[in-house]
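Next up is one chain by itself, shown in structure tokens, the form predicted alone.
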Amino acid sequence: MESSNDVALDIIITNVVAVFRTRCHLNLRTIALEGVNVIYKPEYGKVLMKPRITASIWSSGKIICTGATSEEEAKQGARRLARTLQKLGFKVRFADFKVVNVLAVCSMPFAIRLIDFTKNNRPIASYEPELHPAATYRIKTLKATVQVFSTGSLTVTGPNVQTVATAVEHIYPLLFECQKPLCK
């Protein structure tokens, strides 16, 4: 069986983490009392807000948004959150928006021999079956990490969507070499 370049793999983005600043100090108690869908956690010094994304809000004005399924949805959710804070009376300015992490899953059309995969890619692949059922493959140039499961499932973490797609393209030929033969 030859590795073909026309194999279409579905990469499903499950979480996008983004940060932005409001350029103003935020009173968490006011947000907790007047805001909707708010969980106040004074022991951590933050507020959780859930319009469509989950946002961790600190009094310094730094906000971390999680739960989006695309970079555009993360930006839209962050802007919507900034607007909500403006309506609560804060002089919020949407600034320094940045996507910091993207988590995606992908399934290979074959199962993988993890021990062979790890031996072939020893310096950057590690597999400790006593600790975790997946082999970890780190691509330092892309700043991406791929968790490879024996079933052919991949969990990819990277700084943006393009990097995640590139990481899957990078690892596919390496996984193809270590596929399990089909049982008859």
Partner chain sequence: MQFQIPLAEPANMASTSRGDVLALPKVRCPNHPDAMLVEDYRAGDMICPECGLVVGDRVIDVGSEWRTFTNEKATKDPSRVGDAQNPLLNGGDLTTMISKGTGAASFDEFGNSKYQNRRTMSSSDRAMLNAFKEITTMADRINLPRNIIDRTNNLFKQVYEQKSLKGRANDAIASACLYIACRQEGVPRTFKEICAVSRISKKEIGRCFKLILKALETSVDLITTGDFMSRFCSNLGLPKQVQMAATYIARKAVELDLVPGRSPISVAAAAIYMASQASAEKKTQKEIGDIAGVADVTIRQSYRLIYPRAADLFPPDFKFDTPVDKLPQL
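Predicted model only: the values in this text are computed from it and were never measured. Numbering follows the first chain given and starts at 1.
Below, we turn to the form predicted in complex with its partner chain, even though it does not appear here.
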Contact at 32, 80 and 91 by its partner chain in the predicted bound form, all three, heavy atom at most 4.5 Å
no
Using a 4.5 Å cut on heavy atoms, which of 54, 150, 155, 59 is close to its partner chain in the predicted bound form?
150
Whether residue 75 contacts its partner chain in the predicted bound form should be assessed with a 4.5 Å heavy atom distance threshold; does it?
no
Though only this chain appears here, would residue 40 touch its partner chain in the predicted bound form if you measure heavy atom gaps against 4.5 Å?
no
Using 4.5 Å between non-hydrogen atoms, is residue 36 touching its partner chain in the predicted bound form?
no
Tell me, yes or no, whether residue 118 is in contact with its partner chain in the predicted bound form, where a contact means a heavy atom of each within 4.5 Å.
yes
May I ask you to list the residues of 123 to 161 that have any heavy atom within 4.5 angstroms of its partner chain in the predicted bound form, in sequence order?
127, 128, 129, 130, 131, 133, 150
